[in-house]
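First, one chain by itself: the form predicted alone, in structure tokens.
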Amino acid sequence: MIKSHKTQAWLLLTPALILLFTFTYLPIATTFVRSLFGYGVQMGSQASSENYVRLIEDEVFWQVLKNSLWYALVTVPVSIVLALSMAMWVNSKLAGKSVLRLSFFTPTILPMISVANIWLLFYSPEIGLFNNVLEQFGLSGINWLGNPDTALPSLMAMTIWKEAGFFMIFYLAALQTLSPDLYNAAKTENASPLYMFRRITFPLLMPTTLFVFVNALLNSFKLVDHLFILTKGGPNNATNLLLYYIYENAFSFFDTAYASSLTVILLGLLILMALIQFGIIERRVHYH
């Protein structure tokens, strides 16, 4: 009977395992092999570290890596803080909170390409919303996407605007599961709102925070749609991110071997972050 159950289990798992191997593990292995044996779009017969040596000597790669890390370091925590703040606001006793929830969530339902086009209009030097506001205060306009100093922060602002509403939904759902008895007990002890947040709300939301953190971090490395509309990595690679640089090398320069070595670096970064998230941070999360 036990053997029969094991056979049945393997038969049920086989389709998923085939798909997982075909579309995940096989491409990873192929990418790693191409990064060692490939040159340009060709494959050689001997392994070589040439692509990785070239990567270390590539100034654009280090610029792109720095941009990607800054992009993640800013967009992830700011999106989480904004999402939690918005969720607590719309979860309180507030008139018209349904409309407010919808307005916060609306950016999420828009495709990234549409969001990029909307913000391209906002950032336009001549007719853009932001420069018109600056003019009202007697300030000169800024070339938001054409200036290397403001281009990357401009992309970060757009990403935070789109992501925060999505993460707010998870925090709102988690807040509505918290027992009011905890807060009533704290109020009888004259606990301040800040104390209740620090001792009750935030600790009980840690599982949600870990989930949101993982998703926000993955999105910071995999979302590049807006670069195609807003900057295409410019000016002078000031907004170029790692995934977009891989795309450029693979499909614009047709250097798939170098793109494969870049992909291996990206995979290594994501694996390292996953180990930190689930090896260190998850130990501080308590599930109830």
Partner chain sequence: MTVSLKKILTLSAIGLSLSAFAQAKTELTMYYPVSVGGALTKVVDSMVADFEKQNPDVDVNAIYAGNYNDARVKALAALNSGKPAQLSVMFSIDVHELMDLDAIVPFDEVVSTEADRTWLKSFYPALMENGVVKGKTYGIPFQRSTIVMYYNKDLFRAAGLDPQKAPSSWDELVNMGKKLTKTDSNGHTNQWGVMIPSTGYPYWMFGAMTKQKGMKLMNQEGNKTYFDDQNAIAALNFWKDLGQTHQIMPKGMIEWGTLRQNFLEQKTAMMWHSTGNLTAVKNNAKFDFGVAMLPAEKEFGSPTGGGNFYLFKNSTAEEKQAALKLVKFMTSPKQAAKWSIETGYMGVSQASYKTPELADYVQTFPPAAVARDQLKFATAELSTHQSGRVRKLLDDAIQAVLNDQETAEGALTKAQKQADRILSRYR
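Numbering follows the first chain given and starts at 1. Just so it is clear, the structure is predicted and the values come from calculations on it, not from any experiment.
Although it is not shown, the form predicted together with its partner chain is what the next lines describe.
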Quiz item: Would residue 247 sit within 4.5 Å of its partner chain in the model of the complex, counting heavy atoms only?
Solution: yes
Quiz item: Is the gap between residue 26 and its partner chain in the model of the complex 4.5 Å or less for some heavy atom pair?
Solution: no
Quiz item: With the partner left out of view, is residue 56 within 4.5 angstroms of its partner chain in the model of the complex by any non-hydrogen atom?
Solution: no
Exercise. Could you confirm whether residue 258 comes within 4.5 Å of its partner chain in the model of the complex, counting heavy atoms only?
Key: yes
Quiz item: So which of 207-215, 139-147, 67-75, 92-100 is the stretch with heavy atoms within 4.5 Å of its partner chain in the model of the complex?
Solution: 139-147
Quiz prompt | Contact residue in the model of the complex, from 133, 194, 127, 81 (heavy atom within 4.5 Å of its partner chain) | solution = 127
Quiz item: Of the options 200, 120, 169, 88, which one has a non-hydrogen atom that comes within 4.5 Å of its partner chain in the model of the complex?
Solution: 120
Quiz prompt | All of 43, 49 and 224 with a heavy atom within 4.5 Å of its partner chain in the model of the complex | solution = no
Exercise. Scan 210-244 and write down, in order along the chain, each residue with a heavy atom lying within 4.5 Å of its partner chain in the model of the complex.
Key: 230, 232, 234, 235, 236, 237, 240
